[in-house]
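Have a look below at one chain only, the form predicted alone, in structure tokens format.
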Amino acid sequence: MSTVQGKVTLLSAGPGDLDLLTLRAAKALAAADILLLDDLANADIATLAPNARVIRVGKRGGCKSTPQAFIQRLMQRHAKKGLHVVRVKGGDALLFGRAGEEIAALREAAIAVDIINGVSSGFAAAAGLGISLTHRDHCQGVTFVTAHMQDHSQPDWAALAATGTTLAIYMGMSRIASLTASLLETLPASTPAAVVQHAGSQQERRLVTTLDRLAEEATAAGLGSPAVILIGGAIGEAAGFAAHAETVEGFAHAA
């Protein structure tokens, strides 16, 4: 066994298209010995790591997933062999990617860890809609929140609605009816809202509507995970993209 200590890179793969990767990410992939590939990352990213052994460690809500503890043991095991382990995560690793747990486990094992930022799906969704999440005519900030709590409880939707910020809700499609009902207890029915599925990829689909119609229209359109739900006045700036909030449209990216 090598006496040279390896390292782990937590690499943010972005929301889909490989052209959203940073140059730093591409360099790390080229130097990788082991690629731990997340289920939400574009599988073609493996082509940028020609010397790496690819191990798929998928984690999807409601699906059979690789246990988090097992992923952390894999990282430790291969790094202790002197290898460069690249843990590929969809979106940005530091936003709902369990990076905190992995960083703590690696530090406890005295293994060096690098973090490479990327484009989160919330930002990719906003770009697809052509809007600013922090448009100053509508809000003073944006709140990123997951609807999938570790203990399966609901976030305090009333408190979140009262912030007056744009809400970017991750992992919420399975609960879209209940979360919109909760938000409607605080927010007007006419509050602009959107769902963007497969944000930042060639398969991207968008729905722009109002909060009271969001759950029904998203379900009718067959929209599901992975998707980001956006709610707040700033979303109204996307009205021109959705023909008065009445249709779902899939827009092909420019070649």
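So that there is no doubt, residue numbering starts at 1 and follows the sequence shown. Computed from a prediction, not measured in an experiment: that's the story for all the values here.
Separately, the form predicted in complex with another copy of the chain exists; it is not shown, and the next lines address it.
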query	finding
Non-hydrogen atom contact L129 with another copy of the chain in the predicted bound form at 4.5 angstroms	yes
Another copy of the chain contact in the predicted bound form: T165, any heavy atom under 4.5 Å	yes
Exercise: A109 in contact with another copy of the chain in the predicted bound form, heavy atom 4.5 Å	no
Another copy of the chain contact at K27 in the predicted bound form, heavy atom, 4.5 Å	yes
Interface residue in the predicted bound form among V119, L183, I176, L83, criterion: non-hydrogen atom within 4.5 angstroms of another copy of the chain	V119
Neighbours of another copy of the chain in the predicted bound form among 192-210 [non-hydrogen atom within 4.5 angstroms]	none
